[in-house]
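Read the single chain below, which is given as structure tokens and is the form predicted alone.
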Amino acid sequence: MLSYTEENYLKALLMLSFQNEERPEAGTNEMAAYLGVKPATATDMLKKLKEKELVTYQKYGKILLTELGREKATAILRKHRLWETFLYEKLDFSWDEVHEVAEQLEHIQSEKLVNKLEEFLDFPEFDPHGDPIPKANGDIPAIDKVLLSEVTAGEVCKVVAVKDTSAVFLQYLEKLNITIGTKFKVLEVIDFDGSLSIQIEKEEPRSVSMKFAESLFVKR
């Protein structure tokens, strides 16, 4: 049985590997920054995870999930995203509220409950933020996506996921009437600062920043 903290570290390592698929390993400082802890604290926990054969780790070296560690991390992520979906679809939580609650629920250990939850939700492939939900066997559905910042003027695209899942960004998207599935056209990309002019169906065109465009995944 892993502690909540150990599970959090494993999930964090998995998330960091998703952020850079070409470099699936992470550094201690990178890990500490992601979790909001001191590097020394992260080092102590990594030693424990190494003893349990969940990570490969050398002092001042890179950290990599072992096959067992990745399996456990994926199971935790599966629970997290299923609970987010349940809260959003069945209990009317907003998409900026579900993460914090799912952080607590993801530590429930009953595999039967998780499988029943997935069945109850009719086997969803993606959570409210557009992130893929791992299957019981560990497979993760593929998603065709690019950052909005990579789209050129004249292209029509559809929102499929958010890179920035912070409450403040999700609330901002709601103010703009943008959610998963929203379609819009990129009218112009400003060379000076990378900002974009976009238009959602018959609404008035609006300007969004480069930071915004780097926080939203779309499908062309």
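Residue numbers run from 1 along the displayed sequence. All values derive from a computational prediction rather than experimental measurement.
The same protein also exists as the form predicted in complex with another copy of the chain; that form is not shown, yet it is the one meant from here on.
- Among heavy atoms of residue 145, none comes within 4.5 Å of another copy of the chain in the predicted complex.
- For the chain shown alone, residue 139 is not a contact residue for another copy of the chain in the predicted complex, no non-hydrogen atom being within 4.5 angstroms.
- Although the partner is absent from this view, residue 101 contacts another copy of the chain in the predicted complex, with a non-hydrogen atom inside 4.5 angstroms.
- Interface membership of residue 93, defined by any non-hydrogen atom within 4.5 Å of another copy of the chain in the predicted complex, is confirmed.
- Checking 68 to 76, 146 to 154, 113 to 121, 130 to 138 against another copy of the chain in the predicted complex, the stretch whose residues place heavy atoms within 4.5 Å of it is 113 to 121.
- Contacts between stretch 65 to 91 and another copy of the chain, counted in the predicted complex as any heavy atom lying within 4.5 Å, involve 83, 86, 87, 90, 91, listed in sequence order.
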